[in-house]
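Shown below, as structure tokens, is a lone chain in the form predicted on its own; questions about how it binds or moves come after it.
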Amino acid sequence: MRKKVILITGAIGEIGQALIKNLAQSHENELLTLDLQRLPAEMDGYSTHIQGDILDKYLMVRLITEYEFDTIYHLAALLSTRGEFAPELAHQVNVEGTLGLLQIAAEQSQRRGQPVKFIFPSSIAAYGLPDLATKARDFYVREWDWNQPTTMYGCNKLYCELLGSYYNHNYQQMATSRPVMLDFRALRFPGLISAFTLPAGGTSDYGPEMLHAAAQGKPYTCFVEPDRVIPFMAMPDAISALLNLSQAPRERLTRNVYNVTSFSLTAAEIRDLVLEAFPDARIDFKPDLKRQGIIDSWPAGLNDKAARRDWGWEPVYDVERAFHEYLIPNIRQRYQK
């Protein structure tokens, strides 16, 4: 008999590590984690960990013969900046990896007669605003606004949202009897900032990079102009959003894809908050026009009214709490050790 588990792909990423630690606190959850690398030693015992590639079809076949996936948190992805250097690889990982897992979830949903929950973190990269004037005018974008991404990562995320919606609503629509569909739920996250894991190549990482550099006494050169603005969220709120969306009754959800956000900051405002905590920090600005161009195409804020209405989303960490209660104390302690 196959073992019922919660599958987490991309387990060692910023979201993955925080999510595993949260889910492992409940002894009711049997976790199966998958990543190209090993879990950190301090997380031994949290899950059954498989070191492997989401694109390895033989590995995936082996896993589905041993496990029944009750819920899938599909976090594995090649992020925005890296994706621009290797767009074909980004497509393989982000789209083909997701498609294969959606197919597995759909087949398992039918086999067991109950939907597999498929939780997918999407991104503000799914948006593509044409210029700064439009960005200033349409400050809080809705889920269906400006879905014209300018990066491979954004294209991948938007397409995977559509794939998930297809498998949720229209898979095997020509069959003689309606199959049991999977239950696809996605969140469009703003830039995420974690106190406990290092930035991993995202275009929004200038925020956490400033903090981590300052805490180590290292100089930092920000790759966007001081006035550039995007929305951000502290990692604990991101984990709460994933878990709360996963636990929401399906009948209350009016969408497959939801915006969530917390606060919007310019790069200069982040610098000022860092300097409050680390007065000797050396931070300057030298724009990388290509990376800044990506930031300029992302919205300044997100309209998350649908998430608030449908499943009670509300962030705990505003700007003050995020920096003064979560980020700065924990990052300071990390490097003092």
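From a predicted model like this one, the values you see are computed outputs, not experimental measurements. Each residue number is its position in the shown sequence, starting from 1.
One more form of this protein exists, namely the form predicted together with a small molecule; it is left out here, but the text below deals with it.
Peer 1: In the predicted bound form, which of 108-116, 139-147, 94-102, 202-210 comes within 4.5 Å of the small molecule (heavy atoms)?
Peer 2: Selected stretch: 202-210.
Peer 1: Considering only heavy atoms, tell me if Ala238 and the small molecule come within 4.5 Å of each other in the predicted bound form.
Peer 2: So Ala238 does not count as contacting the small molecule.
Peer 1: Can Phe184 be called a contact residue for the small molecule in the predicted bound form at 4.5 Å between heavy atoms?
Peer 2: It does not: once the small molecule is placed as it appears in the predicted bound form, Phe184 has no heavy atom within 4.5 Å of it.
Peer 1: Under a 4.5 Å heavy atom criterion, is Leu75 part of the interface with the small molecule in the predicted bound form?
Peer 2: Because no heavy atom of Leu75 falls inside 4.5 Å of the small molecule in the predicted bound form, the answer is no.
Peer 1: State yes or no: in the predicted bound form, is some non-hydrogen atom of Ser123 no more than 4.5 angstroms from a non-hydrogen atom of the small molecule?
Peer 2: Residue-level check for Ser123: yes, a contact with the small molecule.
Peer 1: So which of Leu79, Cys160, Val257, Met233 reaches within 4.5 angstroms of the small molecule in the predicted bound form, heavy atom to heavy atom?
Peer 2: The residue from Leu79, Cys160, Val257, Met233 that makes the contact is Leu79.
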